[in-house]
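So this first bit is one chain, no partners, the form predicted alone, shown in structure tokens.
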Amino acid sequence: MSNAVEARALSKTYRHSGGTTDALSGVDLTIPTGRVYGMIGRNGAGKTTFVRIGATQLALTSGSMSVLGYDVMTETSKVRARIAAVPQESRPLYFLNVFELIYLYLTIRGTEARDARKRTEAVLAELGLADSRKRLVSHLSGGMRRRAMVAMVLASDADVLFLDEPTTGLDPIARREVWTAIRRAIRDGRTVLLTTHYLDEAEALSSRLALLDGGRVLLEGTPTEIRERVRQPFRLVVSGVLGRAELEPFGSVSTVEGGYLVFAKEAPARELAQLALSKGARVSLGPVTLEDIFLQVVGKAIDADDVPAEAAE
């Protein structure tokens, strides 16, 4: 099986008293096996709806989706046997301690007791949870509880892992520990669908990315391909003597703290850099980041939550 997940013309529509809301609209995506596939977008973009349909937690409205060749609507039990998921809003069993949470999950999945214990010990060490193994889940902070849920899923033998915002609320060290565990899962031949608000996380982990907004895929490809498809692939921050009117002929200009941010094509970017330096301005020049790409394509920053969250998020 060359592809882990395939979606064709996938749509999800919610009906409510005011009419209908399209959480997904005609999404076509192919996620290859053995890789991390990143899905980025603001709240309400459709990321969680996509994950919940793939994890057989939510019925699609039209189109189709398959996981490892099994249809999520007609072969639900076969899909569930091959996947594990950390939902965005997770509610672990609060009366268990951290070790019991992971161990019980593995045994419920059919893992033999000795192997379940070994896997639990390994993931506790990998995600920095060994010292918290006997703490009740109900006594954990939100970030620690999130980390325990991620550990539970990563310890499984599932072929496809759906991780919906897995590092939300984690400190930088804990985030890096989760990244290491995800990379290890890929080395073991598994597939990870990762949704995230952290663009550095998406770029650090993902071999391919999909940028969603309004339930549609706006860009898809490797991080390099996505950069190449942006019409203004260079960014300059200019601080000093040049005014906005002098910068606008070179590209798209916006105000940032201490100066201006300019998106431009390569030749105008270099020309502007030389002009600014000749006039004594301070200039930084480089390729656009994923955050810049999001801003160019969507028109707003990824953390601008001025759209209503989709019913599933």
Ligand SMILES: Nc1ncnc2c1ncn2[C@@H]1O[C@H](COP(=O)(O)OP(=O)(O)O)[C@@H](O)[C@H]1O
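Residue numbers run from 1 along the displayed sequence. Predicted, not measured: the structure shown is a model, and the values here were computed from it.
Beyond the structure shown, there is the form predicted in complex with this ligand, which is absent from this document and is the topic of what follows.
So which stretch, 246-254, 65-73, 45-53, 27-35, is the one near this ligand in the predicted bound form (non-hydrogen atoms, 4.5 Å)? Looking at the partner contacts, the answer comes out as 45-53.
Close approach of residue 10 to this ligand in the predicted bound form, 4.5 Å, heavy atom: Close contact is absent here: in the predicted bound form, residue 10 is far from this ligand, nothing within 4.5 Å, heavy atoms only.
Just checking whether residue 21 would be counted as a contact of this ligand in the predicted bound form - the rule being heavy atoms within 4.5 angstroms. Residue-level check for residue 21: yes, a contact with this ligand.
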